[in-house]
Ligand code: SAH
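Presented as structure tokens, the chain that follows is alone, the form predicted alone.
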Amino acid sequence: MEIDEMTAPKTPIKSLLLEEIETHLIALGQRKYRAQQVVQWLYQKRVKAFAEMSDLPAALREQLDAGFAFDVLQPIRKTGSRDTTQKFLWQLVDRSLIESVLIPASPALYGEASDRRTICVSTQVGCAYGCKFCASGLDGFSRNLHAGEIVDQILRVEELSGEKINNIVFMGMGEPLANFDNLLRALQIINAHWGIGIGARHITVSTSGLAPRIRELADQPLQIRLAISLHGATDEVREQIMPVNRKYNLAALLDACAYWQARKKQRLTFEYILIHGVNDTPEQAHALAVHAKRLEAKVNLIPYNKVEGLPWERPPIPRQNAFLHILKTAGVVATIRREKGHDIDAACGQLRLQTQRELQAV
């Protein structure tokens, strides 16, 4: 069946690598060096339309506009926290909503940095993995983001906040490793000297535990960091709150983590949200210590961020501290990350969910 060229979707220009842009321009009869000009306009000068690329011939700008999409995320809401955390709600071309969070300098995934500005980036519209404590998947999964939609979150947050981002965490809406190809493409653009130019060691990918994809990511050349959303130290507890554990249990997940560590020669992080009466017992702390010691992993404990409509609660501070004490006594490098943006509902998906429900009520 022939595809009507008038209705075929255009390729988003910010989803393309430099060499791909070169190939397209050569096919249009243009010189290869024009691609360098295009990416300079995209990632250094950060224009919002091909028409603004003033050192390109007018005919080429028209060709680009006819052949490629220049999608720009549209801000719908922005909320600010007392701790200077900022949350951004974006509307995509198809009217879907996603979130990004800008987190101020803080004890982050890997140590202290007074000038650190971290963006928490989304990779999907919604989420299919159904973690029981998370707002991202409450309205189900809609689609993957293309690489340009991932990359544009960084560009737009820098523009609207006036902050220079130097640390990226793929820990927003969605499961990054379930959008593997677009994730890899976005990582290359973010890391490239011709792109945004953020070093690989300042980029962290977080996963709920897709063991085969962890192995595939380990085989990629980029020296990015890995964080595992563990949230349960035994299969019995983890399955209560993370359905993915039924497909890839702790043994499979930890074996994949060992493979990652062997390939990358770097410390990984276990993210562990403390939920009162669910996974915050001394037994879970001791089991978690065993896993962390085996892999020489760092543990970030995160007191649960309350989500409207879900029954979970955060443990009292003495109970949080007791859990931490068990880990440290066992020799594990561990911290309690007092989450940013609690007063603006900065946990993944909350602003999107609230906005969607308000729109539905109109």
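One rule holds for the numbers: they count along the sequence shown, beginning at 1. Not measured: the values here are computed from a predicted model.
The same protein also exists as the form predicted together with ligand SAH; that form is not shown, yet it is the one meant from here on.
Undergrad: Does each of Cys134, Gly172 and Glu271 have at least one heavy atom within 4.5 Å of ligand SAH in the model of the complex?
TA: Judged in the model of the complex, Cys134, Gly172 and Glu271 all sit within 4.5 Å of ligand SAH.
Undergrad: Would you mind picking out the stretch of 279-287, 205-213, 88-96, 189-197 that comes within 4.5 angstroms of ligand SAH in the model of the complex, counting non-hydrogen atoms?
TA: Of the stretches listed, the one contacting the partner is 205-213.
Undergrad: Could you check which residue among Gln63, Gln37, Gln320, Asn305 gets a heavy atom within 4.5 Å of ligand SAH in the model of the complex?
TA: Of the candidates Gln63, Gln37, Gln320, Asn305, Asn305 is the one lying within 4.5 Å of ligand SAH in the model of the complex.
Undergrad: Consider the chain as shown here, without its partner, and state which of Ser229, Gln261, Asn144, Ser161 has a heavy atom within 4.5 Å of ligand SAH in the model of the complex.
TA: In short, Ser229.
Undergrad: Taking the shortest heavy atom distance, is Gly148 within 4.5 Å of ligand SAH in the model of the complex?
TA: Contact with ligand SAH, no.
Undergrad: Does anything in 8-28 come within 4.5 Å of ligand SAH in the model of the complex by heavy atoms, and if so which residues, in order?
TA: Going through 8-28 in order - heavy atoms within 4.5 Å of ligand SAH in the model of the complex - there are no hits.
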